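Next up: a single chain in structure tokens, the form predicted alone.
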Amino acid sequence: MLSRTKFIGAVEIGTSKITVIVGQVARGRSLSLIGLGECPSRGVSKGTVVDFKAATECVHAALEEAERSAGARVGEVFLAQSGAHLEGFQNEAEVRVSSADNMVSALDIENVCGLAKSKQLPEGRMVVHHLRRPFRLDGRLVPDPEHLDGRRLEVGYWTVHGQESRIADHLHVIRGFNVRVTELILSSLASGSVMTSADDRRHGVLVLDLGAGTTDFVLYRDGCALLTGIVPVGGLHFTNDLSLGLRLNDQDQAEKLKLRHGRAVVTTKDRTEKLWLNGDLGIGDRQFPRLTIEQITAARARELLEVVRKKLGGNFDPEHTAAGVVLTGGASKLAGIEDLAAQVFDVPARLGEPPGWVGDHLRAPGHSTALGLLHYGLGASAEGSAARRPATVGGLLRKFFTAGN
């Protein structure tokens, strides 16, 4: 528990931009959002650092801007993790209750959790999160089995692991700013924690964070994260599709058309309707069929959501996802995306709204991951910490932040 005022940063190293939010934590309880820094990304592709020098310059620029905005020096940060190198698997274990009177002890809980987390990873991989599902005691769900009567105790974990070298690249970028990384947190968990309520997670909800280079998702059931995943497709792919389909040499022009006229569901009926690229009738201004623009963006949107549905497999069940789909991230601004999500997943879908304590200047969907880093990392969610906390990464953090490494 934090015992004094601290200034903590949330850092998202995204494909299109670097976002840093500074939070002031007073007496270990009260969180105030006091600073924001952003910088267009360079050296980052699909959530992965590909040019260390360029990425470092951008991250440091965003950190410095956030500190100026906050009027305070950041001492530690929560760092978002995304990218196709992250993978997950489910592992379950069960033990017989050891006591003669069949009362579950703390040792029984420790044993079954240890077994469920004991699967070895290939060389070069490291655990980022162990996400615990609810316990089962003699087949029934129980949030805390200690002191309950039963014979068979079961638990499962969704374990997320990543390539150690890729994670180390992110840590090296932060290290150059001389701040401590407190925790590595999956982007999907960060967004999910701040864009859903405890009731949503208990009833079952799927959160899709559509970024520029990746789409991160997390499926909740019975109040816990059931599984997470990443699709290396995001808003920039919509832009690229328009650039290729309309034969545009300028990505900025394709981005402009996407934001103004792109749709996730085709609504135009008139095949002859044309739209001007700039609307100023100047040199280079051109007309394009509205229908073609909608068809291009709608095709990519459907493909993306269907890939997510396929990755979820049998874990996704509309009957156990009563709270539906929540969409966030910068690419969720594509018109009609919630209508398409409702079709693909056969549940209600809505655009995510941050909690009321978030100020207007931070309510844009592109800020959801950074906001969630603070929310999740500081334990502001209502669930018990054992089911939420990320895996211990202290060994790797110490490796890169001490002893001159």
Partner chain sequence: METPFASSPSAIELPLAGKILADRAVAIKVIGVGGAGTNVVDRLKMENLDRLQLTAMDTDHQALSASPLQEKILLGMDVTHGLSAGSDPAAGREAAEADEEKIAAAVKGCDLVFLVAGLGGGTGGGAAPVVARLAAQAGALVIAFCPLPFSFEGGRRLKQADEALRGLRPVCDAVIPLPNDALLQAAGAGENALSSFARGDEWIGRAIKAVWAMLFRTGLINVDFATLQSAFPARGGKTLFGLGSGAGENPAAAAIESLRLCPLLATAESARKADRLLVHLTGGADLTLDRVSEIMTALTAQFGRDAHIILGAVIDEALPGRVEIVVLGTSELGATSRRPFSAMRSRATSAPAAAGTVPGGKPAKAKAAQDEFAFGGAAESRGYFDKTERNLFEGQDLDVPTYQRQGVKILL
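If you're wondering where the values come from, they're calculated on a predicted model, not measured in any experiment. Residue numbers count along the first chain shown, from 1.
The protein also exists as the form predicted in complex with the partner chain; that form is not presented, and the subsequent description refers to it.
The partner chain in the predicted complex is not approached by A198, whose heavy atoms all lie more than 4.5 angstroms from it. Although the partner is absent from this view, E303 contacts the partner chain in the predicted complex, with a non-hydrogen atom inside 4.5 angstroms. Residue contact with the partner chain in the predicted complex: H60 places no heavy atom within 4.5 Å of it. Under a 4.5 angstroms non-hydrogen atom cutoff, the partner chain in the predicted complex has L291 among its neighbouring residues. Look at 238 to 246, 169 to 177, 184 to 192, 137 to 145: in the predicted complex, residues with non-hydrogen atoms within 4.5 angstroms of the partner chain sit in 238 to 246. Contact with the partner chain in the predicted complex holds for all three of K46, Q295 and V307, each having a heavy atom within 4.5 Å. Shown without its partner, this chain lists R260, K311, R96, K117 as candidates; in the predicted complex, only K311 has a non-hydrogen atom within 4.5 angstroms of the partner chain. Distance criterion of 4.5 Å from any heavy atom to the partner chain in the predicted complex singles out V231 from the list A323, M126, V231, L334.
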